[in-house]
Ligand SMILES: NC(=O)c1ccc[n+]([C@@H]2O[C@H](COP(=O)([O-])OP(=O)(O)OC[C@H]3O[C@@H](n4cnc5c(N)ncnc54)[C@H](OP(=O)(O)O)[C@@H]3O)[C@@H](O)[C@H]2O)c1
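So this first bit is one chain, no partners, the form predicted on its own, shown in structure tokens.
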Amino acid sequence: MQNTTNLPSIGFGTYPIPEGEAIINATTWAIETGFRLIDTANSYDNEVGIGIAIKNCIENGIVTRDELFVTSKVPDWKQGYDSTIKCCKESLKKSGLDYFDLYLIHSPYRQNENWQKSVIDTYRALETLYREGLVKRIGVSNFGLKHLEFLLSEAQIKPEFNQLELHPQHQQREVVKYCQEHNIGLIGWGTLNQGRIYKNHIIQELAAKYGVTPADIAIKWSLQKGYIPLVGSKNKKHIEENYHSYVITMVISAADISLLDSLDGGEFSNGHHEGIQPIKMVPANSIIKEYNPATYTRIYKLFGLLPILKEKKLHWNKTKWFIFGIPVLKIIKKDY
């Protein structure tokens, strides 16, 4: 029988805050501010710091473990029954936790021709972890319609959540509808669309109309849709502002929700999407034959300061070059 305890209505996303002081501080500030859902993943490499922050907050009487809802995920390269069990236990050890409140398959491994076998072997491991009490809920992340249909036909325990990119400019309506019809909760990452919402004139106009920020508009849109939005920052002020977006009483009118809905199909992160994949994530033997990677301008800066070259490229990862630990070349990726 699945755990039916209510989740917090908003979550603190910890990607890409690095391990160390940055993630310890950010998680501590988030909990102090009022966030109770903390989202991480094995691939984020910050579980140790999150565990330290949680431990400190509990010891200082800010929160109890039962009041927190901690999510983690198994990455593509650790999928499979045995490796998923091992991954989860390693993540628990790193974070110093006895259990995760929610454990997810990070993605359906789209570029794997045998993704069905990988997904079901991995999900069987999640079901085992659930039965053993190491995780309180299980689910998936970034699953499209065909992946959900396959999983529901095979699962012994229905996934409780699908965590995917959701914001006014990328609404994934077909997947959302399917999840709602099958009582699968929706957790939205990319709520602020990596800052792109601040550049959208409609969101700007609505923010001015309601006397709030663009972030307030995007977060309230998610809440009024019934999604659990994830928002993250390593800046204390921004963390507090994001939580304020949740607690303010402002309600977006039905007409303005429809206006925001009209933004669907705009810019989005370009990851974990059917038919559109970052070029480095799609191998030559992929079953995905067509994709449309975003175009970026790469700016090279010598010693991080002097621009030496601008080049229009298809690129995905940010890069820094070091000599004896000294950064000498920085490559900055910008949308073209």
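The numbering used is simple: start at 1 and walk along the sequence shown. Here the structure is a predicted model, which is why all the values come from computation and not from measurement.
In what follows, reference is made to the form predicted together with the named molecule, a form of this protein that is not presented.
None of 141 to 149, 250 to 258, 174 to 182, 111 to 119 except one has non-hydrogen atoms within 4.5 angstroms of the named molecule in the model of the complex; the exception is 141 to 149. Not one of T28, S72 and R137 is positioned with any heavy atom within 4.5 Å of the named molecule in the model of the complex. Put simply, of E241, E127, E205, D264 only one has a heavy atom within 4.5 Å of the named molecule in the model of the complex, and it is E241. When the named molecule is considered in the model of the complex, only one residue from C87, L102, L186, L192 comes within 4.5 Å through any heavy atom, namely L192. For K158, no non-hydrogen atom is located within 4.5 Å of the named molecule in the model of the complex, even though that partner is not displayed.
Though the partner is left out of this view, A215 does reach within 4.5 Å of the named molecule in the model of the complex, counting heavy atoms only.
Contact check for S222: no non-hydrogen atom falls within 4.5 Å of the named molecule in the model of the complex. Heavy atoms of Y44 reach within 4.5 Å of the named molecule in the model of the complex, making it an interface residue.
Although the named molecule is not shown here, in the model of the complex the stretch 223 to 260 places heavy atoms of L230, V231, G232, S233, K234, N235, H238, E241, N242 within 4.5 Å of it, in sequence order.
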